[in-house]
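Below you'll find only one chain, the form predicted on its own, shown as C-alpha cells.
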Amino acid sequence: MKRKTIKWGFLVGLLLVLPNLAGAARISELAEEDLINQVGRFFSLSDPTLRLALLGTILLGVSCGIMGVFLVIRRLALMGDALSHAVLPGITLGFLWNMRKDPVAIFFCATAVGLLGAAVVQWLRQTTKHKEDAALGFVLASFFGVGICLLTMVQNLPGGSKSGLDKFLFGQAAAMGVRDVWLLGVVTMLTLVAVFAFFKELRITSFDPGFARAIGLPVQVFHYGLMLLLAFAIVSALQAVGVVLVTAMLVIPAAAAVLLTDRLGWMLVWAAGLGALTGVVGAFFSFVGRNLPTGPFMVLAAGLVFALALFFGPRHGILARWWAHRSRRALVRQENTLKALYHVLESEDFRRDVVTREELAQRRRETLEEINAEVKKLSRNGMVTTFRDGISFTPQGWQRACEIVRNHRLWELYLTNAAHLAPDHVHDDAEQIEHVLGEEVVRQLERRLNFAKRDPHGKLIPGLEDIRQWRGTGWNTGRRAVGYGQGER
C-alpha cells in the first residue's frame, strides 16, 4: 500500500509539474467548431488527422487487449506496468540515435530496453530471495528514473525542447503519423498471427505450466516470446496513450473480458473488441471536446466497460451472481419443503398420500402463511397437487423428494463409514450436500456402500425403483416401494 501511495503521489506531482502535456493530447486542437459540426466531422471521417488517430487507437486497443489477456490469466499485470515504465530510457536512446523522432529507431531501442527490464526481473527472481513483485517494483522505479533523467538531458540539448519526446509520457494521438500507424498495424498483425499459430501452446503454458513442462513444451521460450510481443505492444502504444496510461489499456479490457467468459478464445475476442471500442470512444471525446486528451478518455472508457462487465456480466457479474444465489436459495427452500412432505408421509408408513398444511408447517417450523406461499410455488412448478384438505405429490415432485432424501441419507452413511464420524454429527453436512450431488456421484456412493438400504439412523434409503413409482392417487408404489412391506416395519 505504501509503495502504491508513493507511486501515485509521484504521478500526481508529475501532472502538476507538466500540466500542458496532458492537455495537449487532443485530436482536434487545431479546429474549434460547435459540437454538432464536430460530431458530424467525426463520423464522416473527413479529417486526415482523425483517420490516422482513430485507426491507430483501434489497432492499439486490439493488440493491447490480446496481450493483456495473457498478462491477466498469468497474474503478470504488474509486469505490463513495469515494462511500460522501463521502456522510457529506450525512447530517449532512440531519439539520440539520429537526433530526430524516428518511430522505427525509437521502437527498436525501446523494445530492447523493455526486454532488458524483463531479463532483469527474471535474474533478480533467480539469484535473490526477492519475489517477482519486488523485482518488478525495482525495475519499474529504476528504469523510469533513468528515463526521466535522459529525457531531461535531451530537452536541454539544442533543439531538444522541440523533440516531442515528452508526449510519450501521457501520449498524443494527434501527433500520430503514417509511420506510427503502420508500426501499430505491423505489431497488431504480428500479435494476431503469433497467438493464432501457437494458441494451444499458449493456453497450456498459461493455465498449467507444470503440465506443459511434463509434456515437453518449452515454457520459458513461450514466456519470453510473450514478453517480446508485450514489449512490441507497449512501445507501439506509447505515442497514443503514453507511458503512464498504457498499463490500463493492457489490463482493463482483458480484466473485463475475463468477467464475460471462461473460454480463452472468446476471452481474446472480447478483449480485442473492447480494446478497439475504448480506442474509438477515446478518439471521439478527444475530437469533439475542447482541450480533452485522447489517452485518459480511452482509459476512462475502458474503466466504464469494466464496470459494466463487473455488474452485468452473464456469469461472473455481481447481478448474475446475486440472481444465481437468490435462485439457488429458492430452489433449496422448495426442495426442503418436498423433503418435509416426504418425512410426514414416512412417519405414517405411507398409509396416506395427502398431508395437511398444518402438518407441513409443523414439520418445517414455519407459519401457515409461509407454507401456503411455498406450496403455491411448488404447485406452479408441477411438484405438488393441492386439495381443500391438504397437499399431495405429483410424480415429478415425488421423484425429486426421493432424490433429496436418498442423497441426504447416502451422504450420512458415507460419512459414518468412510470418515468414521458419529451418526449424530453428520446431519448438518448432509443438509448442505444433498442439493448438489449429481447422479454420477450418487451411483458411485451407492456402489461404494454396497447399495445399502438404511442410513446410520436406521431409516430406509429410497432406491431407484422408489424414485420412479408412487402409489397415492393412482400411481403405482407406496409402502412397498420404500421398503415398508410385510415384515420390514
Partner chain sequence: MRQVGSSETNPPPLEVHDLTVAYQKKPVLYGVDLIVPQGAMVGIVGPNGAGKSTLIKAVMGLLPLSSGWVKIFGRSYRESCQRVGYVPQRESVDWDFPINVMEVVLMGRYGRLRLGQRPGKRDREVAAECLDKVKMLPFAKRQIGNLSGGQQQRVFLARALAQESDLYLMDEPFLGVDAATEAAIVEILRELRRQGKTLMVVHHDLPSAREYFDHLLLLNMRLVAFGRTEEIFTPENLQTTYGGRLTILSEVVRVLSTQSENR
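These numbers come from a predicted model, not from an experiment. Residue numbers count along the first chain shown, from 1.
The protein also exists as the form predicted together with its partner chain; that form is not presented, and the subsequent description refers to it.
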- Message: Is F138 near its partner chain? Define near as a heavy atom within 4.5 Å, in the model of the complex.
- Response: no
- Message: Can you tell me whether I73 touches its partner chain? I mean in the model of the complex, with a 4.5 angstroms heavy atom cut-off.
- Response: yes
- Would A276 sit within 4.5 Å of its partner chain in the model of the complex, counting heavy atoms only? no
- Query: At the 4.5 Å heavy atom threshold, is R213 in contact with its partner chain in the model of the complex?
  - Reply: yes
- Exactly one of V299, A118, I204, A255 has a non-hydrogen atom within 4.5 Å of its partner chain in the model of the complex; which residue is it? I204
- Query: Here the chain is shown alone; which of R329, R263, R351, R380 has a heavy atom within 4.5 Å of its partner chain in the model of the complex?
  - Reply: R263
- Heavy atoms within 4.5 Å of its partner chain in the model of the complex: which stretch among 305-313, 205-213, 329-337, 223-231? 205-213
